[in-house]
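In structure tokens, one chain follows: the form predicted on its own.
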């Protein structure tokens, strides 16, 4: 059995954008989304149709999350029962109300990763020491991304339809060349600074087959690492990768055996923001119907101080 390669060794020649936007930059490749890029992206709006991409939270059917995390729990703390029991607060005029709260992992729904979320060799995005994550991300947290917001031209790449499937299989991989071939078949082209929105059909399977089968021998489909793929992301200046999977990439790279290498190659090294657990089936069905696969993509995660990520409900406008 071959000795396990480290992510450091795997990515030893991988390009970095550290310092490109200054030593204090915390939003990375989102800097590519300049006002000029955003204004041009607005031209993708043709019909005014809108779609939201967040999965439901505290869903009675369950919330798809990374193994080891838990879905959101919503609890009522005030409702009509309190008033029927004579325990509801009285307001002048007789108004009554319901109230509740939720507990959840910040990455327990459709969400953005902070650039400081994953690292290797004791360095996070932009070369900062990983000790800056202790007790909360003092650098490259989700807050700067949330304050900036994400607006640009999105392009749906429906890999499931491209391969004639309802969903890609567990562990099924694809490359940037596959993405380009998918775009060509759809009648569109991936352009520089595009927000890549990739549908595998995977998250929809959670609701169709149930959580037990979904998590059995868990390995997701997705992009697989190669030097050529990382170079392509770098040259195309991709600001944001959005997928309907929990971790944006095949769980374990089939060649190197490394777990989630693209989190480091793209996010830690290039500053590409990762958006996970997106609901893409409704958007994909509409794109297949009208043939329009490009659109204005707008998103802003919650402004959580020092957070490693935050929930988001992206809006697509076609």
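Computed from a prediction, not measured in an experiment: that's the story for all the values here. Residue numbers count along the first chain shown, from 1.
FYI, the form predicted together with ligand UVW isn't displayed, but the following is about it.
- Comparing 150-158, 197-205, 103-111, 235-243 against ligand UVW in the predicted complex, the single stretch with non-hydrogen atoms within 4.5 angstroms of it is 103-111.
- Of the heavy atoms in residue 49, none are within 4.5 Å of ligand UVW in the predicted complex.
- Taking the partner from elsewhere, residue 26 is found to have every heavy atom lying beyond 4.5 Å of ligand UVW in the predicted complex.
- The shortest heavy atom separation between residue 179 and ligand UVW in the predicted complex exceeds 4.5 Å.
- Within this chain, residue 69 lines the site of ligand UVW in the predicted complex, having a heavy atom no more than 4.5 Å away.
- In terms of contact with ligand UVW in the predicted complex, the residue from 247, 183, 146, 229 that brings a heavy atom within 4.5 Å is 247.
- Checking 55, 260, 284, 30 against ligand UVW in the predicted complex, a heavy atom within 4.5 Å turns up for just one residue: 260.
- In the predicted complex, 276 is the single residue of 271-296 with at least one heavy atom within 4.5 Å of ligand UVW.
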